[in-house]
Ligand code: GLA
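Presented below, as structure tokens, is a lone chain in the form predicted alone.
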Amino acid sequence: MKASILSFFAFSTFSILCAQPKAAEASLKDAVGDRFLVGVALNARQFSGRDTAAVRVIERHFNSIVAENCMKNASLHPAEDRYDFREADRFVDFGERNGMAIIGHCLIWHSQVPGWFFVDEQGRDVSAEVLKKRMKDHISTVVGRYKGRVKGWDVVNEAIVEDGSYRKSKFYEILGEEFIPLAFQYAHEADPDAELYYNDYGMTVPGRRDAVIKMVNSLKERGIRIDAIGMQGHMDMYSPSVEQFEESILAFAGTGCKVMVTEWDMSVLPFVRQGADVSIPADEYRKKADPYTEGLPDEVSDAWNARMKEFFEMFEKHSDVITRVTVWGLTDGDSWKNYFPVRGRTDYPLLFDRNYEPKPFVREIILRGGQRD
């Protein structure tokens, strides 16, 4: 009898030890499989390897990366005669070492552009021809440096506003609508094999959605390459609805382009404007603006996980047109939402918590993937 009990415990211990490596290897990217790429935006501490806990999570769960800031114009090209590729090179090296699909973000954007880009030595706006040359030089240099290494580029970012008109950026003021086809043309010339994307937020807003569709169709009619439309997934607990987002996915897919969910996060915090409302006491305002400094109540966490899961399952449903889903940051502590629109708040918008642990809906997806295998 004693021998049987010992044999049972030995077998049980062996079974547990054998099962542990499989559980340890379970990952989000494996659970998703080949339906679409699972991406994450990285900061410098992560792709440099300084945040070792983050590196372990990134390597385990993701197969695509995009840089939060180091590939933006102001970071790469601080002066007309000077580029700084140090951080971007580290980012690309990290992706290559881990066999990840690397996404370049972004070539043309109205924000985070150095002041010199649009003015001459006297501080006056440059001519259309000068701006075209500066755009071409920048795009050709950046895309050319990473030719064959970067899978695709956000060529133009956030160029259309909610009512469907073009954002009155310096690119638009000097070049008009033509700055968009020019940017795509220059990017394609610099790397004919790279995928090219248009990326914007609020893509469920009918005015913006319809204008983007019109712009994309115009590019295609002119024979200008565009491969996918990026729908920035910055959400809150109320909007957009799953149905609204799904409707826009299908509308964009109707152009013949693929669709990517980019910059995905979901804030749980109330929307308040930067700066206190002078009509209420500061402490009361702070509590209203930042209600979850000690952690999320269970009912809020449950609602957040249910809503994120619903969106993720909708993405999987449309994996025939969606090629990538990228979250904008790794852990809640990394998120820009802790600083926008009010600095110093405590938000919970991402797939991993501040302890680098997956949220419940992520664990459920991983477990489901393991059961399917």
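Numbering starts at 1 and follows the sequence shown. Predicted model, so just to flag it, every value in this text is computed and none were measured.
Although not depicted, the form predicted in complex with ligand GLA is the subject of the following passage.
Peer 1: Tell me, yes or no, whether Phe311 is in contact with ligand GLA in the predicted bound form, where a contact means a heavy atom of each within 4.5 Å.
Peer 2: Contact with ligand GLA, no.
Peer 1: Does ligand GLA get within 4.5 angstroms of any non-hydrogen atom of Glu158 in the predicted bound form?
Peer 2: Yes, Glu158 sits close enough to ligand GLA in the predicted bound form that at least one of its heavy atoms falls within 4.5 Å.
Peer 1: Does Phe36 reach ligand GLA in the predicted bound form, with heavy atoms at most 4.5 Å apart?
Peer 2: Judged by the heavy-atom cut-off of 4.5 Å, Phe36 is well away from ligand GLA in the predicted bound form.
Peer 1: Given that ligand GLA is not shown alongside this chain, does His138 nevertheless sit within 4.5 Å of it in the predicted bound form, heavy atom to heavy atom?
Peer 2: It does not: once ligand GLA is placed as it appears in the predicted bound form, His138 has no heavy atom within 4.5 Å of it.
Peer 1: Please identify the residue among Arg134, Arg149, His234, Lys258 with any heavy atom within 4.5 Å of ligand GLA in the predicted bound form.
Peer 2: Flagged contact: His234.
Peer 1: Out of Arg145, Lys72, Arg167, Arg286, which one falls within 4.5 Å of ligand GLA in the predicted bound form, going by heavy atoms?
Peer 2: Selected residue: Lys72.
Peer 1: Specify the contacting stretch among 342 to 350, 47 to 55, 317 to 325, 64 to 72, defined as having any heavy atom within 4.5 Å of ligand GLA in the predicted bound form.
Peer 2: Comparing against ligand GLA in the predicted bound form, the contact stretch is 64 to 72.
Peer 1: May I ask you to list the residues of 95 to 122 that have any heavy atom within 4.5 angstroms of ligand GLA in the predicted bound form, in sequence order?
Peer 2: Result: His105, Trp109, Gln112.
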